[in-house]
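Form predicted on its own, single chain, as structure tokens, below.
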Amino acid sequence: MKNQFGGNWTEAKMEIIVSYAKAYLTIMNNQTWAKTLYFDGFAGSGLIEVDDREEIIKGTSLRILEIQDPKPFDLYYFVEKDLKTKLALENNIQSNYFGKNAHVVQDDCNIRLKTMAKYLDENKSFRALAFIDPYGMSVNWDSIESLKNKGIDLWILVPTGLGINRLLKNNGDISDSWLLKLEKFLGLTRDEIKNHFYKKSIQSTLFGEEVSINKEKKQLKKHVNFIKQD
């Protein structure tokens, strides 16, 4: 079984993550007291078919497992919600990466992020690198918030195009179900969402004052940058 993703961005993204993981391990290699944990919240099957090419490439999870220099991670934790995909990754690891301290679980990423937070609390010698590449807006803010002050480097690919931006309608007329999704993902109340992302303007016309509400795109960029830096 393999995942299907498209374009050069997929491969570039994986190269960035793997390069960062190597740099992270280089730093941690000097911390002799510390053990390292790699967490992938949407691990996939480990194999990827890019566009319509016949060639199958290795995904991020397998590439991370192959890192030996400067050292491998002490513990790998892969989360995949789909059972068939989870079994495919598990079989691949058992067949080709025997001896790695790797665990593959079928579960919701939000649940396992909180599990990892508890694990890091109970195992102070561990430091973690977590990679979260969600399907849409499937990661909740409270799950991310549970990792605060836990000795973790957290990478999240924020779906601004097809996710947040689509739900933040230009005129501010957002349905209750969409507002609920935004609340969970952004960690903001409904009033905070409207005040943060929208600007009210008043214009004088022949018929009196006209009030309009419009989305501020720069505010979306600011909030995404805040997520990256927090």
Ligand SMILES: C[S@@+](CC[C@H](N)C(=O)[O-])C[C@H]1O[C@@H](n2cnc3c(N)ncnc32)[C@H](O)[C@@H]1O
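The first residue of the shown sequence is 1; numbering continues from there. Worth saying up front: this structure is predicted, and the values here are computed from it rather than measured.
There is another form of this protein, the form predicted in complex with this ligand, and it is not shown here; the text below is about that form.
Q: Is Glu90 close to this ligand in the model of the complex, meaning a heavy atom pair under 4.5 Å apart or at it?
A: Heavy-atom contact with this ligand at 4.5 Å: absent for Glu90.
Q: At the 4.5 Å heavy atom threshold, is Leu186 in contact with this ligand in the model of the complex?
A: Leu186: no contact with this ligand in the model of the complex.
Q: Spell out, yes or no, whether the shortest heavy atom distance between Phe98 and this ligand in the model of the complex is within 4.5 Å.
A: Judged by the heavy-atom cut-off of 4.5 Å, Phe98 is well away from this ligand in the model of the complex.
Q: Find out whether any non-hydrogen atom of Val79 is located within 4.5 angstroms of this ligand in the model of the complex, and reply yes or no.
A: Val79 belongs to the contact set for this ligand.
Q: Of these, Asp74, Asp121, Asp108, Asp153, which has a heavy atom no more than 4.5 Å from this ligand in the model of the complex?
A: Looking at Asp74, Asp121, Asp108, Asp153 one by one, just Asp108 meets the 4.5 Å heavy-atom criterion.
Q: Just one stretch in 113-121, 144-152, 131-139, 90-98 has heavy atoms within 4.5 Å of this ligand in the model of the complex, so which one is it?
A: Answer to the contact question: 131-139.
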